[in-house]
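A single chain comes next, written as structure tokens; it is the form predicted on its own.
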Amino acid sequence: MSQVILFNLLNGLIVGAFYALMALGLSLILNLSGVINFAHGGFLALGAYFAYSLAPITGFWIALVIAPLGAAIIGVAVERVLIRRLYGRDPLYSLLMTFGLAFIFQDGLKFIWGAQSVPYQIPSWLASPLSMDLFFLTGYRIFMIAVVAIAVGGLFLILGYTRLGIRIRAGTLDLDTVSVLGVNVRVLRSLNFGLGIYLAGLAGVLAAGMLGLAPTIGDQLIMPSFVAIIVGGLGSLPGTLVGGLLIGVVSGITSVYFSEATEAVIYVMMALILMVRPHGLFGDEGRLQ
């Protein structure tokens, strides 16, 4: 029984890492631009399919680096052509726009790569268990957690110690003042959007190696990622990180005792947290410190 609990706890932690990585990208875009990006799951799937096409040519490792960048470039193009026109309007406009984009992405992926799921090959040595007793603990699972940790650490370093990151943080507090000080807000929003999409693309490449690859892969992660933002607290990136990991672990533990409630439990947890703390766990901060 202890191995079953450990297995589901590890699975929950890994899935929670995906939620956190995707939710951090969502939160970056929402905090600075006020865009509720329902197409985020489509960008995740796009990054995964880019890696699927690149891996036979470049190898797994180069595809892991290049594919999220490709998704980010597409994201910047979409932001400049479509989403930029909606800044300053009711958030409902961007929600509907990106909701429609999500279906366009999904149908486009089906048209190019097919509607059926395909396996995404990872290096064989990463797929092997680390021990016979802990057969479920593979090198790839450890690798995924390490990559997510590095990506999250890199994100907070960028936000805390680079000119771009400082401007993004300042823009989330008062974009008008940042503009008056001479910062090109259009470029700032584009770069911030691209950074958020990069995280989604990276999550997609990692998830494809564990879950397989299908045009709907982003659908499994998009709603829990929004829940992670709400649980952690709108505007708080540390809260978003904690929220993603928390709902993943809670979902994993729940699957041991009541597997039918694995998905429902995260929404129940969200409701309970909002009843006690309407701004989420770290919502009082409001912004990344």
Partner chain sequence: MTPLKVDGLHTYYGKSHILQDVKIEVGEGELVALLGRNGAGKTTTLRSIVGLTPARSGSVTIFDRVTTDWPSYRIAALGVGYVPEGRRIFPNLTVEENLQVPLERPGPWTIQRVYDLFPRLKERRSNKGRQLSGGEQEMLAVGRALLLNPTLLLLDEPSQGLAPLIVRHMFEVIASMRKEGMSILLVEQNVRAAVAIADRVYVLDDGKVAYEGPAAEFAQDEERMRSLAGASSEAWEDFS
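Just so it is clear, the structure is predicted and the values come from calculations on it, not from any experiment. Positions refer to the first chain, counted from 1.
A second form of this protein, the form predicted in complex with the partner chain, is not displayed here; the remarks below concern that form.
- Checking I122, V178, L211, L191 for any heavy atom within 4.5 Å of the partner chain in the model of the complex turns up a single hit: V178.
- The partner chain in the model of the complex comes within 4.5 Å of a heavy atom belonging to N184.
- Taking the partner from elsewhere, G160 is found to have a heavy atom lying within 4.5 Å of the partner chain in the model of the complex.
- Interface residue remark: L173 is counted as part of the site for the partner chain in the model of the complex, having a heavy atom within 4.5 Å.
- The closest non-hydrogen atom of R141 lies beyond 4.5 Å of the partner chain in the model of the complex.
- Of the candidate stretches 213 to 221, 162 to 170, 107 to 115, 147 to 155, only 162 to 170 contains residues with a heavy atom within 4.5 Å of the partner chain in the model of the complex.
- Along 8 to 23, not one residue places a heavy atom within 4.5 Å of the partner chain in the model of the complex.
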